[in-house]
Each structure stands twice: as structure tokens, then as C-alpha cells.
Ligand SMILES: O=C(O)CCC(=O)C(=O)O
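First, one chain by itself in C-alpha cells, the form predicted alone.
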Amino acid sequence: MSEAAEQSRDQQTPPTSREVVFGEIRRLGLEAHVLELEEQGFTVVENAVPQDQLERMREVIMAQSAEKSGKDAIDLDTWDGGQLREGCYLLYEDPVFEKLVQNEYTVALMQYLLGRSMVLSTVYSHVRSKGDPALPLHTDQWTLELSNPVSVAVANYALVDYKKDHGAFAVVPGSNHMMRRPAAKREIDVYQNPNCVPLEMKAGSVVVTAGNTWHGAYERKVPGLRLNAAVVYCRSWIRTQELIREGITQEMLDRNPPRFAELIGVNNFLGFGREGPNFANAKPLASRFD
């Protein structure tokens, strides 16, 4: 075959999923983050979310939390009125979260962990205030056997600055290699586990953790709120935590690119009844799998 013919064939052949995944990692300069995921079980990407998006997410989460907690209003910096309710089903609260679940840095790393057929499982916010106890160390692949490659992974976006005494994210580096969950009290407690460290980071950063990594949160000891947006992705055959596909509207699909439909599972034929599967929904991803 001539060189021109080979080039023509290469131009016509879609890239494999592996080529797509690693192409995105290289384009975004995330090679070192992939290495951290393998070695440590987590990685932090700074400046992953712009300021205007941060502010809007905080507004939406605090509004939902106040409503669910029976409060007229809550203040981000001064709240000292006890525990507050979480933010849930946030994808349907405001279009800002549609942007969040498509964040290119997170999607690139999640595709590495879970494959391009991954789907969104939940968009959740832990609203932590003074007096909230520390969140025990745990794994997010909590209903499944731990595995490598993982079946679940989480992107935890810091919507405020994370500091240890302000309720920072806690993690045990390298715990992804243990392939077991923390069991003993000393292993579970973020203050007693000698290998647990706080991830202190600026608002707008995201920490991506594999589903078999031990992590939790420290107690918030000062007034104000620690807000996050925990975006969970899973493999397409796993039941999602929230009713993601069931809530999607045509308007949401129309205002987003095709990859959004793939991420929220619209192209997944699973979940059928007596009528049987509709394979017309089983649309392939933009390029073939290898």
C-alpha cells in the first residue's frame, strides 16, 4: 500500500477509545495527574472551575439547603446555627451543574478510570457547618466489591477554600492499593489514622478519587460553611445513585453537546420493562471502541 493510501486510510479510520482518552489527557496536560491517580488513588487539579460558576453553584446549593432545613437564609461566612441539610439532585436545580458534569479536566480523568461509556451517578453537596462531626474514612465503591480498574469514581469540587479545621477533605494516600475498606476504629477515624492527611486547597479546585481510595472529611470547628459539589460517575451497567436519566428534559439535551447525552445515560438501553429493550437508544460513542 502506498504512503498516500495509508494516510487516506488513517484519516478515514476513527480513533479508538484508548486514543481518544489519552489524547484528551495529553491535550489538557494531565499526564502527572494520571500518575498520581495510579500511585496515590487521588489527584488535585487547581483552577478547574471559574469564579462565576463557583458563585452560582454556592447560591443554588445554599438556597436548597436553607429550604430543606427550614431556614429563611444561611450565610456562607458566618453561619453558626447548627447542622444543615445537604444539596441533592443538583443537575436539575440550575444549568450551571450541566456545565459542571462536563468539566473537561474531570471528564478526561474519569474516562481514564472508568472508560468512555461511563455515566453520571449523582451531583451532591455536603453542607458542613460548625459542630458537624468528622466524616469517617470510607471508599465510594461502597455497594460493590473493590476492584482495579474501579467501577465508581468521584470528583469533589471545593466551592470554598479547604482548610483542616474548616472541614477539609481527608484522604489516605496509597490506600487504593490495599483493595479493602477501613475496618478498625483507628483506621476509620480521620484523626487517629496516622496515614490520613488533609487536602487544603483553594476554591475552584477539584480532587478526583478512585472508588477504592480511603477518604473522608475533618470536623468543621469554626463558623461558616464548607460547601462542595461531589460529582460521581460510574460504569454504565451500575445503578445510578440519583434518578439521572429519568429527569432529563429535551430542553437540557438541546442546549448541550452530544457528549452530555452520553454522560447522563440517555443512549443506554438498560432499564426496560415488559416491552423489552429499545436498542435504538444504544447509540455508540463518537468513535469506535478498541
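Just count from 1 along the sequence shown to find any residue number. Just so it is clear, the structure is predicted and the values come from calculations on it, not from any experiment. C-alpha atoms forming the largest set that superposes within 1.5 Å between two forms make up the rigid core.
Below, we refer to the form predicted together with the named molecule, which is not included among the displayed structures.
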item	value
The unique member of V107, L135, V197, L144 whose heavy atoms fall within 4.5 Å of the named molecule in the predicted bound form	L135
Non-hydrogen atom within 4.5 Å of the named molecule in the predicted bound form for each of R128, D140 and G216	yes
Interface membership of S65, the named molecule in the predicted bound form, 4.5 Å heavy atom rule	no
Contact test in the predicted bound form: V154 vs the named molecule, heavy atoms, 4.5 Å	yes
4.5 angstroms heavy atom contact with the named molecule in the predicted bound form for A230	yes
Location of the named molecule contact in the predicted bound form, chosen stretch of 216-224, 80-88, 95-103, 110-118 [non-hydrogen atom, 4.5 Å]	216-224
Contacts with the named molecule in the predicted bound form - residues in 167-183 whose heavy atoms fall within 4.5 Å	F169
Flag for W142, CA shift 2 Å or larger between this form and the one not shown after aligning core	yes
